[in-house]
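Next up is one chain by itself, shown in structure tokens, the form predicted on its own.
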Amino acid sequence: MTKENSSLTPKKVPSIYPSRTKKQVTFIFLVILGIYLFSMYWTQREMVGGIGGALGNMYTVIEKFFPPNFAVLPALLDPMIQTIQMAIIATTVAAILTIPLAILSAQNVTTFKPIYYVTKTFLNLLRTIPDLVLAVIFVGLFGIGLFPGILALVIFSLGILAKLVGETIESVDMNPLEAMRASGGNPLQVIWYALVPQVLPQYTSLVLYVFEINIRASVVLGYVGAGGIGLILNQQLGFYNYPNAMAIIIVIFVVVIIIEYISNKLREALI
């Protein structure tokens, strides 16, 4: 082969990843795929009538929900307002309690390790308790109503928000904080003048995000007696008033979409 022909021969492009890494990734992918396939097979095996029977039952159930009975809309106004109030109060309380917990759970700010580990463990424990379990406990303690739902949402929101804000604090630029300390600033001054300006936009965005979650979660909590529109939905389903239940579901869907749209616009304006 001449020199001219050899220069026209395409060269083999070297791989970005070594062959060992490719084999490991391929093996992990096949294992995960196998788990999914086995889960699908086992789930269908446990279903009465299999997938075909489930699709037929789905059509029968959906048919009962239509047409929705929109005559119940005036009666849904107060429960829907209560649901939104639950989310607002719970998010506000959680947002306030998050500030000290997030700071104490940030490794780059809390230099005293025992406090850091205790706070981190406490937040991990909060996240392990499902919101429904919290609602059941508080309903048993305080009875049916909005108060147990608010308490459950506060703890649920605190676990999520403190983790996200704490991780945001750990990713900030430490140079302004070190400059404040070097100039003689006390811990509160360092936090207020060097940390807060960096974290505030993300903190506000995360609070709005958790508020959206709480709107949805407050509906589910109503199923265990925590009040709001979820309690009304559970009652209508229990009485087999499927057209009324469908009207409630549509109202919840519209309200969630509106709140999510407003929240997204606020986050875009802040960030």
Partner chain sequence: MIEFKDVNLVYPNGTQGLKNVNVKINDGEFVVIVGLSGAGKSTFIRSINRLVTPTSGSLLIDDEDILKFHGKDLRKLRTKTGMIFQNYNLVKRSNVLKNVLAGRLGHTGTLRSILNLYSKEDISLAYRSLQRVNIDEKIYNRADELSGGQQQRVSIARVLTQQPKYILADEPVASLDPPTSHQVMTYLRKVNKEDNITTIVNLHFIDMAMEYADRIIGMRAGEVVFDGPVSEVSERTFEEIYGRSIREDDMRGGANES
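Residue numbers count along the first chain shown, from 1. Treat the numbers as computed from the prediction; the structure is a model and nothing was measured.
Although not depicted, the form predicted together with the partner chain is the subject of the following passage.
Interface residue remark: Ala71 is not counted as part of the site for the partner chain in the predicted bound form, having no heavy atom within 4.5 Å. In the predicted bound form, the partner chain lies within 4.5 Å of some heavy atom of Met180. At the 4.5 Å threshold, heavy atoms of Ala194 reach the partner chain in the predicted bound form. Interface residue remark: Leu188 is counted as part of the site for the partner chain in the predicted bound form, having a heavy atom within 4.5 Å.
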